[in-house]
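Only one chain is included here, represented as structure tokens and corresponding to the form predicted alone.
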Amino acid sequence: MKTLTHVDERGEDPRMVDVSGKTVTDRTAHAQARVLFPRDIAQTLSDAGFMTKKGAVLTVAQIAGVMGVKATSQLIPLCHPLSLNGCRVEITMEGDEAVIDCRVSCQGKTGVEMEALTGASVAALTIYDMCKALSHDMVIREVKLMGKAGGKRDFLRIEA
């Protein structure tokens, strides 16, 4: 039976998991978020090279995603601060939707999936912030872990 690791057996007393007994391994994670634009706004952004009065939307969002990865343990209360080996945030357009892929790696005793999820989320929020003067009808959706490796078990999301 699976149990929660950040609380006691009664589901109370939140705590950071003690990882002192774990082995250091290579850890990787890939998370994805999507931002759906109204069709006319996606076209306007595309025609402008994704530049707004605030600047280069996708470039600023990439940088914000990396900053989000680095700040994860300050934002998520029970996450361990990690020494990261790498982080890459890529943003592509699929029709009217920005697809954000955040990949993170480290050598450590705990995984980097929260860092990847945070990076993808912060990049999506940055896109929203930079484009809200054009429309508030954007939708941030499908923030999800695509895969992780290292630790007790690997995970790979299979999508049709």
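From 1 onward, residues are counted along the sequence shown. Since this is a predicted model, take the numbers as computed values, not measurements.
Just so you know, the form predicted together with a further copy of the same chain exists too; it's not on screen, but the next bit is about it.
Although the partner is absent here, A149 is not a contact residue: none of its heavy atoms lies within 4.5 angstroms of a further copy of the same chain in the model of the complex.
F37 falls outside the set of residues with a heavy atom inside 4.5 Å of a further copy of the same chain in the model of the complex. Contact check for T44: no non-hydrogen atom falls within 4.5 Å of a further copy of the same chain in the model of the complex.
In the model of the complex, the residues of 108-134 lying within 4.5 Å of a further copy of the same chain by at least one heavy atom are, in order, K109, E113, M114, L117, T118, S121, V122, L125, T126, Y128, D129, M130, K132, A133.
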